[in-house]
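The form predicted on its own is given below as one chain in structure tokens.
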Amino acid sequence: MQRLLYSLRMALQAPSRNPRTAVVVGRLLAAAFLVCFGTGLYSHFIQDPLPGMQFLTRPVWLYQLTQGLHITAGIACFPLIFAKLYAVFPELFQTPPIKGFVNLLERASIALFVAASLMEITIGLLNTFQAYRFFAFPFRQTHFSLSFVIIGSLAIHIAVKLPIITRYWSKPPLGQENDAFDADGQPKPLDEPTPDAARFPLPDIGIGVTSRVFAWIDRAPQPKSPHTSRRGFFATIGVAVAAVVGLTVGQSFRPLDFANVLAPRKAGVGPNALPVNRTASAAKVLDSAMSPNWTLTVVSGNKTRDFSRAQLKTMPQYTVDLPIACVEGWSQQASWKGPRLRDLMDSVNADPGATVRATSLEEGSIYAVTEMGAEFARDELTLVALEVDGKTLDIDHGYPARMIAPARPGVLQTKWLTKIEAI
């Protein structure tokens, strides 16, 4: 077995498969995961804040930026994690397979990291396409929990590998080479003696079997001069990352919309020239939202007022330019018009510091009821929107009225409003 592992390891050697390459790719991958982790935490807590949490309402494109970074960095992780696996693949065949407790901890942590990472970025990608039929588990909770598994296993891996990471972190200047690099500043190849009978004695496993097995091992492929250099390998990684990012980032960065060919949503496409996540039909509001008896109920304590759409239009109307930015990474700027939320809350003498709960007509959604802190509810840019880009809201975008606030996730910009209350 040791001779077999050694033979396989030697056959897999290449200039791009060395500790220096693994460290360079690893730090790029770690940076991408840290960006995903930080922006993911922000998205999670703005949807489910802990007691006392408050959030920034400026710049108005803050959530658009954080979630765009989250999805873009997550997409970049695909070529990076496969590049990392390629660079360290020969290490899977080390001899002996386990060299002690620290080595066992390292191998276990990297196995956990790779498994959790591949699942995390895969379900994240499926979520951008709303392919929930592939999930036999709640996406949000699983995605959130896996992020901590990834960061924890990554921390263990870095701690165990810190001596190697430090050693290969940077390429030494010429003339200052050490035992890890050659005179050209390149990492030295694996230096292991050829296995022999003394080091790897052949077990007796049956008549003729031993000789045939090890004859095959001795004929196993040996390292050949590779066609791709280390520079070529990194160029390939760069092209792959640029391709997957460049062909999707247009969904959240409008100047690159022309190159958005892989993302599921396109700017300017949809009702009111805006993309849609959940249609009125899917939300089962076609009848209730179009009812001539629809009213918006505003409540604070014992005081309640009902507003028809016509009455909402008689209130002072304001126009604000705000992006609609969704957790799937897409966003688009639009001009919204309607009364300010704070004016509606003042009409029932609501406490200026009160949290506001918004209820939708939609059915079968965890976002049918949402809450917003006073920092959003009292912001002058937060409206109960009746129009978008100079036209009446399409029913798929929340007709007869929807919430729009700065720096908030699209899932919290409640559509098909039926009730607003101070709590």
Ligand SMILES: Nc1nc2c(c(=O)[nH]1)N[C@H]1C(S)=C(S)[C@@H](COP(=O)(O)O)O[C@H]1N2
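On a predicted model such as this, the values are computed, not experimentally measured, just so you know. Numbers for residues come from their place in the sequence shown, where the first is 1.
Beyond the structure shown, there is the form predicted together with the named molecule, which is absent from this document and is the topic of what follows.
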Check: in the predicted bound form, does Trp330 have a heavy atom within 4.5 Å of the named molecule?
Finding: yes
Next item on the list: Examine Phe55 and determine whether its closest non-hydrogen atom to the named molecule in the predicted bound form is within 4.5 angstroms.
Entry: no
Check: Any of the heavy atoms of Asp396 lying within 4.5 Å of the named molecule in the predicted bound form?
Finding: yes
Item checked: Arg402 within 4.5 Å of the named molecule in the predicted bound form, heavy atoms -> yes
Next item on the list: Name the single residue among Val348, Val276, Leu312, Ala240 that comes within 4.5 Å of the named molecule in the predicted bound form, judging by heavy atoms.
Entry: Val276
Notebook entry, point to check: Among 33 to 41, 376 to 384, 356 to 364, 65 to 73, which stretch sits within 4.5 Å of the named molecule in the predicted bound form, heavy atoms only?
Noted result: 356 to 364
Check: Looking at the named molecule in the predicted bound form, which residues in 308 to 338 have at least one heavy atom within 4.5 Å of it?
Finding: Ile324, Cys326, Trp330
